[in-house]
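Starting off, we have a lone chain in the form predicted alone, written out as structure tokens.
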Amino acid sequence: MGTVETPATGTLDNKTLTLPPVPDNLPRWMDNKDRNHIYRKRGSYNDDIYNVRSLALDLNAVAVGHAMAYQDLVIGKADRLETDTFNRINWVLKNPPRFMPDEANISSTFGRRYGVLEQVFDWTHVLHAQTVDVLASTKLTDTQKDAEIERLYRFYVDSVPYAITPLPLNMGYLDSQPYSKAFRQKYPKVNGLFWGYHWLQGTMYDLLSGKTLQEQRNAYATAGKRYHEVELYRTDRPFMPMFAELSPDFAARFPHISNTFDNLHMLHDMVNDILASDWMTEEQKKVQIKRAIWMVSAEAHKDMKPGDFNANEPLHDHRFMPGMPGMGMMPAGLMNHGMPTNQPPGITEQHKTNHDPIKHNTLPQGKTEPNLRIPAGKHTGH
């Protein structure tokens, strides 16, 4: 049994005893263990990200990283994660595959063990990939792109039960579980790669929006260089990069999609932390991963809306109002996913993030401050 620093107080044994239970009467789809590959929606824009080829190849490589780490964590190679696994992932990042790999084939043991989790990841990854294809399209107008992105989102939430909620979840709560921060503390180099992926995935939306193909290529020449030279290897972030900071224009137009992607990345972090917590039994890990899926699922927050707040139930802390992208609450003492800050009592980190001009060094080239205007009539979630 190893020593793990977590946000919880008390001894290790106490943490084991106080692991939160899975709610009763979860939907049947959460017990699905069958493989269920989900195919993307048909569209003339599919694979248009290859117009910006260097970005497409980097995204292909990103798909490999999580899968390699998950597989090694569950087949007894956790002690090599910061050495052998890191080196293998880093090689792929520098030598990306020509086509998008099937993560299920890379992390086959992980997929069999944790069942429906892979489908939850895949379903949101499909939305991720198709929205980027739309933005990279040279055939659609900007108006048509916005309409198609909304159509893809409706397909995402209506087609299968695996959707992640678009509500602004309380990230401070999600990141304060008994196992939270285990992965970043034990494996800072690999965690740095993962959050580097999140930086890329968050940055590329504004990088692609409203630009000609040549402008997109030029923009990624700069952003891609920064991604490879700096962002992939940072180990000093206390919190994951998020969309409202990295692509503020996209997040303002599509706060529900921005929130969905941030919630997806939080689910990745929670799963990482559970797998890295060697004080849990295998059965406890399965239970906690199922609970983590439920916490970020759209079904768990059905019929709720942005602005809802229950002081007695942090799972349903959605206190950001309609149209505001970002997290409902951030861990105290952090802002801009990187720098600790002092702030007046009563002002949340996310409040500051969404109201102050972001003086952050990871904005896409050419941006000086975020546009957080809220378009009238935009759908903001359930």
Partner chain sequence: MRQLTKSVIAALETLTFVVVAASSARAVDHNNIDANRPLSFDDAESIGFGEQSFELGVSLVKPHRHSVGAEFEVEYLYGFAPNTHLNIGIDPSVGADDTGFDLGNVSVGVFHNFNREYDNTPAFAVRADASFPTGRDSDGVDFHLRGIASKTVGQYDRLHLNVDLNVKTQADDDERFVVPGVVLGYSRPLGYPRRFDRTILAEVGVGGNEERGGEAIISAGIGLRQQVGYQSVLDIGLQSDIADGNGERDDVRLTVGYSTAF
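Numbering follows the first chain given and starts at 1. The shown structure was predicted, so the numbers you read here are calculated from the model rather than taken from an experiment.
Although not depicted, the form predicted together with its partner chain is the subject of the following passage.
For the residues Thr281, Asn105, Thr141, Asn312, the 4.5 Å heavy atom test against its partner chain in the predicted bound form is passed only by Asn105. Residue in contact with its partner chain in the predicted bound form (any heavy atom within 4.5 Å), chosen from Ala147, Val230, Met304, Ile75: Ile75. Although the partner is absent here, Trp91 sits close enough that one of its heavy atoms falls within 4.5 Å of its partner chain in the predicted bound form. Residue contact with its partner chain in the predicted bound form: Arg113 places a heavy atom within 4.5 Å of it. Heavy atoms of Ile38 reach within 4.5 Å of its partner chain in the predicted bound form, making it an interface residue.
In the predicted bound form, its partner chain sits beyond 4.5 Å of every heavy atom of Ser54. Partner contact region in the predicted bound form: 93 to 101, out of 220 to 228, 93 to 101, 273 to 281, 251 to 259, criterion any non-hydrogen atom within 4.5 Å of its partner chain. Contacts of stretch 33 to 66 with its partner chain in the predicted bound form, defined by any heavy atom lying within 4.5 Å, are made by Lys33, Asp34, Arg35, Asn36, His37, Ile38, Tyr39, Arg40, Arg42, Asn46, Asp47, Tyr50, Val64, listed in sequence order.
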